[in-house]
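One chain comes next, on its own, written out as structure tokens in the form predicted alone.
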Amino acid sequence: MAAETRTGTGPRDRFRAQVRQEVKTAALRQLAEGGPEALSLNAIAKQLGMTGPALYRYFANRDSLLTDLVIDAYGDLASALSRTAEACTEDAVTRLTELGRAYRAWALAEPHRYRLLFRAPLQGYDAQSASLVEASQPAMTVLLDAVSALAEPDARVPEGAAAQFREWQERHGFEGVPEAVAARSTMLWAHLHGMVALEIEGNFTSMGIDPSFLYEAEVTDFVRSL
């Protein structure tokens, strides 16, 4: 039994993992229904038949629960992108195009989770903490790999920006990625995020425009420009 506990596979560990998952599932429902402001540990505890103090044994506070939800969301997004990249073996153009589509599909399927990734969910919450930045790296790695197969590695990058991208790569372990590839990948992400963010907030709907055509054109034009 002691050995099981040390390896994290004992009954107590499994029970703790199960409760934590139930808490996160309930929290995601709250987020989907009312956004981050609706997140209430006391309400979750009541829903799960627990006391508030009992719930705090699993999550110290609301911020720690939010952090787990953000890390999970980054992991799911990275998995969706990785599956797409692995399935597209035809050519680099198809791979990057499909990655753009997969990014939008995940955001539309999980809008409440997508919002958690790219905006501070609550005032005072550190959305750029080291753990969250680290969690975001796998998805960016997929994008960097796809862009590197198409982008010109020696393309000129303004010196100030090149120095910043070199520092960013060194800080996060993206070794061997040309500054031009890092810059183009970041620009692509900015383009895709802008389109997706406008879509999930209903801005295109209010204009009577189907954004799918705009998004496809944006992805196609960007891929052709590499």
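Here, rigid core means the biggest group of C-alpha atoms that superpose within 1.5 Å across both forms. Heads up: residue numbers just count along the shown sequence, starting at 1. Predicted model only: the values in this text are computed from it and were never measured.
Beyond the structure shown, there is the form predicted together with the DNA, which is absent from this document and is the topic of what follows.
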For the spot marked by F15, P53 and Y58, is every residue within 4.5 Å of the DNA in the predicted complex through some heavy atom?
yes
Which of L39, A183, A26, V177 has a heavy atom within 4.5 Å of the DNA in the predicted complex?
L39
Counting only heavy atoms and a 4.5 Å cutoff, which of 45-53, 66-74, 194-202, 155-163 contacts the DNA in the predicted complex?
45-53
Taking 4.5 angstroms as the cut-off for heavy atoms, does P211 touch the DNA in the predicted complex?
no
Are there residues in 179-197 with a heavy atom within 4.5 Å of the DNA in the predicted complex, and which are they, in order?
none
Please say whether, between the shown form and the other one, the C-alpha of S64 moves by 2 Å or more once the core is aligned.
no
After fitting the core, G52 CA displacement of 2 Å or more between the shown form and the other one
yes
